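One chain is shown next in structure tokens, namely the form predicted alone.
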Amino acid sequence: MNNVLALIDLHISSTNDILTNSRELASTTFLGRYAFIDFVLSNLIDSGIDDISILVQKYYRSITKHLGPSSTYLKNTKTGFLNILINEKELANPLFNTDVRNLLENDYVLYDSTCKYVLICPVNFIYKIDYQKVIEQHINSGKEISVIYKNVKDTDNYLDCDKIVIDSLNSVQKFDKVSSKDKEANVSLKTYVVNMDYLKNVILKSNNVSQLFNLDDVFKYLSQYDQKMNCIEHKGYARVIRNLKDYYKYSLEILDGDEGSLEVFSSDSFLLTKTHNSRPVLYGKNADVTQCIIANGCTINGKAKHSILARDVIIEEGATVEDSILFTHTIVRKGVHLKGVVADKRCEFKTKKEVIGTSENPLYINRGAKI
């Protein structure tokens, strides 16, 4: 789609959880092989959108390390673009380091573009969607801006997310927060389609609203006082990652083959990621593996049950890993039992023989820890 510019907005996708204390959520490993940004990029490329800019708030290194050459994701490197944008002026002043000011600092992305529409996507929502249909619905609405939402009844999984009250004209009447009292809610997926000229005008006038507002804040403000916002419903699978508990829960949900989550891996589309020249998994003669996702390069001589193992994980003979997620280069030595654990990169479990968390409170192990 040559008339659409996509902005992957990491400013409105960040979490302050322990899982992202040294990286963006976008570059955090998911299901052993992927990163969260892979799902957004794959949706875009699969929809024919390859003019993409990534608005990075912090941890620039982790994004560039994962993405590698843009050719990993672009179908045609002659016509496609993958830019990584950061507001260097405000890195030392996080309060003012917003996506609006990032775009002001890198305004060439908008002003050099010939696109008529801008698609703004977060990475903390996981879903499969055809953006071509979304763009068509936006154009047909005749409005300057549209927001994608999902109607949910399992509201406990979306607490404190934005919910939308929709009027009879399919426009946003107001935004609010999902609460424990809600039995049903139209949850905003924080994905917007905006006419390019309108967005340029919004960026220029944003300081008159608030210099601390992100685009998400500005859009919600303008929907009340300036421009009615069109609503587009997403009826498929969608999950939001707010914290470590969500990460653990939805990782294992996909591992369990949840019918809805399998939509993300449908056979009529593809899921792109950075590849590594890793060897196949090696299984020892006494290995015992049940219901696991295991990435290349792993060595399994012990027991692995209902777990996700990223690249180059080693489980020695006599070790047991169950209901756990292990990041790359983690080693579980002989005699160690892990359960309900999320272990970051390059951890080693050797001395402590029982390391146990729960589904409600998974135990997070810091990167490089020796246990």
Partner chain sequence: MSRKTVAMILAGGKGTRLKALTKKIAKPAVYFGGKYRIIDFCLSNVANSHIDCVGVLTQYESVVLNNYISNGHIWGFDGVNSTCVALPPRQTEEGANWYKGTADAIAQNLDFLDGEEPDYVLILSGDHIYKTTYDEMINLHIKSGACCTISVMEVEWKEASRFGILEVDKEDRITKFVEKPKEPKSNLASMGVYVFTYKDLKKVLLEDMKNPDSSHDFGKDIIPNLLKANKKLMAYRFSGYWRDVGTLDSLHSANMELLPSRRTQDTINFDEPPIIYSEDTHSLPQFIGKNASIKDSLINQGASIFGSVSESIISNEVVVEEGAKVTNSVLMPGVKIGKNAIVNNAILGSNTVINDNEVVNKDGNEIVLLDKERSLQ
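Residue numbers count along the first chain shown, from 1. Keep in mind that this is a model prediction, so the values were computed, not measured.
One more form of this protein exists, namely the form predicted together with its partner chain; it is left out here, but the text below deals with it.
Among heavy atoms of Thr273, some come within 4.5 Å of its partner chain in the predicted bound form. For Asn277, a non-hydrogen atom is located within 4.5 Å of its partner chain in the predicted bound form, even though that partner is not displayed.
Residue contact check for Tyr198: none of its heavy atoms lie within 4.5 Å of its partner chain in the predicted bound form. Put simply, Ile45 is far from its partner chain in the predicted bound form: not one heavy atom of it is within 4.5 Å.
For the options His66, Lys339, Arg33, Arg333, the one in contact with its partner chain in the predicted bound form, meaning a heavy atom within 4.5 Å, is Arg33.
Only one of Asn208, Thr114, Asn140, Thr290 comes within 4.5 Å of its partner chain in the predicted bound form through a heavy atom, and that residue is Thr290. Between 82 to 90, 281 to 289, 220 to 228, 200 to 208, the stretch whose residues reach within 4.5 angstroms of its partner chain in the predicted bound form through a non-hydrogen atom is 281 to 289.
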